[in-house]
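In structure tokens, the next block holds one chain alone, the form predicted alone.
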């Protein structure tokens, strides 16, 4: 049976020592997040993840969800009770404004709790995660009446939320959608169409499910310019807030899928279902992007979460499994063989995952902190800079952390040898569950194209220039510090590769767009490598300062950081070579040759 321990100590170190969480007390909600409160929140979240969610992970994988003839869906044994514990603990509305029943705490804390939940039980954690994304969209674009009607009940967990975009004939290209909305004459609309791959579309854990659905109003322009967003409750809500009649929306079937079996992935049928417009007519994608960006950050967290739990179990196995003797002499003479953790190749694997996990966690918390600044600061320049960061880093967090999260789950499985292929050890589930994160909320190739095609050139490249400048300033400020040289020198080399790749695209992609397409994924990973290298630089700075108070723990961080700088960050050079190769051989073969 796999185990999990939430990385509370590491998260606190990042928040307090690396990012100076207390420095943001001027932002709404941060003054309530005192060091004692933050520690208490993380410890309680860890307890929920470790004792309530994690024990059900294998159960959900084995049992899956069941659809019944009436279209209802039941979740695996214990899921509803665990969800109730999550909801009753106030976790659903952790960062929602108090005016709507939330606690108003920073979103950064919510992201930390999302990591714990994703590691402990990814399928179960998706139910509240999707609800939080739906609440975010309604909070920004919903009318006052919609906010008052839906948000308090969603914050308390009595109602959950979903996002309905994909249709059988269109995924990424939403301009092809066919779901139609016909005005009813009373301010509501009648929606008809089919949506697929709808996570948590139907289940037995809440009395109502609030679907956010994109559709095309009759007569709307073709393509994405004619898309509107609607709120469509599973059960209609009366004027007094009580539940009324069942709406015309139902689960047609459940998808049989590779992983996340405990989450109900539904085909949803809208048969004249009553819905209400969210935001402006034909501006639905603007509203939905709020939820999509929340979801993309959350999916990046899922990639990290599976990498972390797979790592923890691989380490435990490597310490226990006896096989062979150390190359430098016997390490366990009282045993028939040494534990495999003595072998350099095992260490290489585990150190690679560990170095990624710590930097990835830092990147997520740094980005979540920018989201808080963007939403809560009164300083327009500060908000703009934070929003620039979010735009640039969201595809990186989603794409890089899920690509590497899956790779790391596979690498951790490899530590078990043949036992990793056997279900009872649980490593197979981590691999299978991690795979979907690379696909949903925009497949990672799309994330890379979004980065190259939209985020990089936006506002004359302002976001990228700010990032490059920040990293360069960090290297310059600490370049003379001998203790920091193992971090600043490799970071400068990686930064040089990123700058060279950016310049190459500027000179070669506009005249030949295929060059951008062929190099987009490498560029996304190059940026991710440098961003996590920058995180390691900041971690190292804080670890050196804190070394006197916790010498063993801080030394372990510094060694792990040096491993990243020596063994992982140099991959930027490989990425740059690939980018500069252009698109000629990629695109040369005629279609018939494949």
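Since the model is a prediction, treat every value here as computed from it, not as a measurement. Positions refer to the first chain, counted from 1.
Another form, the form predicted in complex with another copy of the chain, is not on view; read the next lines as being about it.
J.: With the partner absent here, would 315, 421 and 444 each sit within 4.5 Å of another copy of the chain in the model of the complex, counting heavy atoms only?
T.: The answer is yes: all three residues contact the partner (heavy atom, 4.5 Å cut-off).
J.: Sort through 555 to 563, 536 to 544, 63 to 71, 33 to 41 and report the only stretch with a non-hydrogen atom within 4.5 Å of another copy of the chain in the model of the complex.
T.: Of the options given, it is 555 to 563.
J.: Consider the chain as shown here, without its partner, and state which of 87, 438, 290, 373 has a heavy atom within 4.5 Å of another copy of the chain in the model of the complex.
T.: In short, 438.
J.: Sort through 136, 456, 351, 471 and report the residue having a heavy atom within 4.5 Å of another copy of the chain in the model of the complex.
T.: Looking at the other structure, the residue within range turns out to be 351.
J.: Just checking whether residue 286 would be counted as a contact of another copy of the chain in the model of the complex - the rule being heavy atoms within 4.5 angstroms.
T.: No, residue 286 is distant from the partner.
J.: Taking 4.5 angstroms as the cut-off for heavy atoms, does residue 16 touch another copy of the chain in the model of the complex?
T.: Output for residue 16 is no: heavy atoms all beyond 4.5 Å of another copy of the chain.
J.: Is there any non-hydrogen atom of residue 255 lying within 4.5 Å of another copy of the chain in the model of the complex?
T.: So residue 255 counts as contacting another copy of the chain.
J.: Contact between residue 260 and another copy of the chain in the model of the complex at 4.5 Å, heavy atoms?
T.: Yes, residue 260 is a contact residue.
J.: Going by heavy atoms, what in 339 to 371 lies within 4.5 angstroms of another copy of the chain in the model of the complex?
T.: 341, 342, 344, 345, 347, 348, 350, 351, 354 sit within 4.5 Å of the partner.
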